[in-house]
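A lone chain, given as structure tokens: the form predicted alone.
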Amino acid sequence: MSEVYITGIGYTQVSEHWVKSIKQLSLEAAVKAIKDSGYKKPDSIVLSSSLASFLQHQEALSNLIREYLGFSNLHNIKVEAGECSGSAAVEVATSLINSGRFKNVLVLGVEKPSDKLPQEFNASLSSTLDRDYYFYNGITHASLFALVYKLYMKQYGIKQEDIAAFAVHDHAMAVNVDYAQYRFPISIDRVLSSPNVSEPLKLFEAFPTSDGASALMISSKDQVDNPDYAVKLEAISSASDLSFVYRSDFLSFNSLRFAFEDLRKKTKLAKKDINFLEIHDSYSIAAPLIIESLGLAEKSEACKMLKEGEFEKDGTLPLNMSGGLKARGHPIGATPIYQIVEAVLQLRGKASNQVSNAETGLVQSMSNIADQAYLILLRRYK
């Protein structure tokens, strides 16, 4: 297997882009990534968009974007894996490099839910669940996470304010992040006084409606021109789990545990080697469950670690320096690529909330209630 590097990054502001199309957002992020890579011409485009077929009624999007970028003859493919689509796209691009077929692959993630009404967006997102069972009975992602929320508080005697504090943490980080959607702090009282989405889950504990595009230039080692900017894509690991209703333990995300075990076997990674972590905290309760399922905290201890400052920039495990899904935003198919962009900035020493001497970062993404999960390990170029 050849070594694979990220040689360029690009991204748009995460927002509700009323006057920009999905093609325009894609172009903006792609051009930035190509420029950042030293104007490498991609041999292929791998596109991630989970909901464009629903929201924009657009299929064959990778070929459409290829043409919009001005490439007349270029290999392209669209990858869809729910909320994991961006990570799956990176996995495909890495395989194309490892095979020796291509030298440079442009990975592009884009989503534009603001084109539709909220109920249309929610219906589209719910399509990642088993439609015959969940959608038919009106069960949404929010209602499933609300159920987990109640179980977690009951099982461990945790107070809601301790879980909701993860949303406060994300907002505090996003203040300094120029591409984040919500760049303002928020108090725990404001979170808890917001309306219920699905009791006990509050509106300000849930991800917002987010448009955005993010891009990576993924290259073979012989294409690395600037070691100060290139970041090694050390390993990718993925795993899956039973659908939520069939699990024996609703408070353990086995897909994360399986993926982390696989990653550690591949890389000999020790927990102490992780300098920062980007996680898929679509709802506040997801954060402690992810951290504990990865084995980075004992069961019920993640909230305590947050309170003690261990997830701050200068803590033992800096968490979501980008603002996470709550405050940076969650443009579904683009989200994992935004997470990787943040990791690259950290490893370049150019992040807004820069972690001191960051050499190794871990990016975690998942779809639904961790039905499927990805872990991506990145290291500073050496």
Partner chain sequence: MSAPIYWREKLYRYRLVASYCDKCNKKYYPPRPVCLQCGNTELREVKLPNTGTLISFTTVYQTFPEFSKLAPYVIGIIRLDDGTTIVAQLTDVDQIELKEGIRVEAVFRKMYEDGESGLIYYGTKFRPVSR
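Residue numbers count along the first chain shown, from 1. Predicted model only: the values in this text are computed from it and were never measured.
FYI, the form predicted together with its partner chain isn't displayed, but the following is about it.
Colleague: Wondering, does Gly138 line up within 4.5 Å of its partner chain in the predicted bound form on heavy atoms?
Modeller: Yes, Gly138 lies within 4.5 Å of its partner chain in the predicted bound form.
Colleague: Evaluate Ser126 for contact with its partner chain in the predicted bound form, applying a 4.5 angstroms cut-off between non-hydrogen atoms, and reply yes or no.
Modeller: Output for Ser126 is yes: heavy atoms within 4.5 Å of its partner chain.
Colleague: May I ask you to state whether Tyr156 is within 4.5 Å of its partner chain in the predicted bound form, using heavy atom distances?
Modeller: Contact check for Tyr156: no, nothing within 4.5 Å of its partner chain in the predicted bound form.
Colleague: Using heavy atoms and a 4.5 Å limit, would one call Glu120 a contact residue for its partner chain in the predicted bound form?
Modeller: Heavy-atom contact with its partner chain at 4.5 Å: present for Glu120.
Colleague: Identify, from the list Val175, Leu251, Leu147, Leu192, the residue with a heavy atom within 4.5 Å of its partner chain in the predicted bound form.
Modeller: Only one listed residue qualifies here, and that residue is Leu147.
Colleague: Between Ile188, Ile77, Leu74, Leu151, only one gets a heavy atom within 4.5 angstroms of its partner chain in the predicted bound form; which residue is that?
Modeller: The residue in contact is Leu151.
Colleague: Counting only heavy atoms and a 4.5 Å cutoff, which of 158 to 166, 98 to 106, 257 to 265, 238 to 246 contacts its partner chain in the predicted bound form?
Modeller: Selected stretch: 238 to 246.
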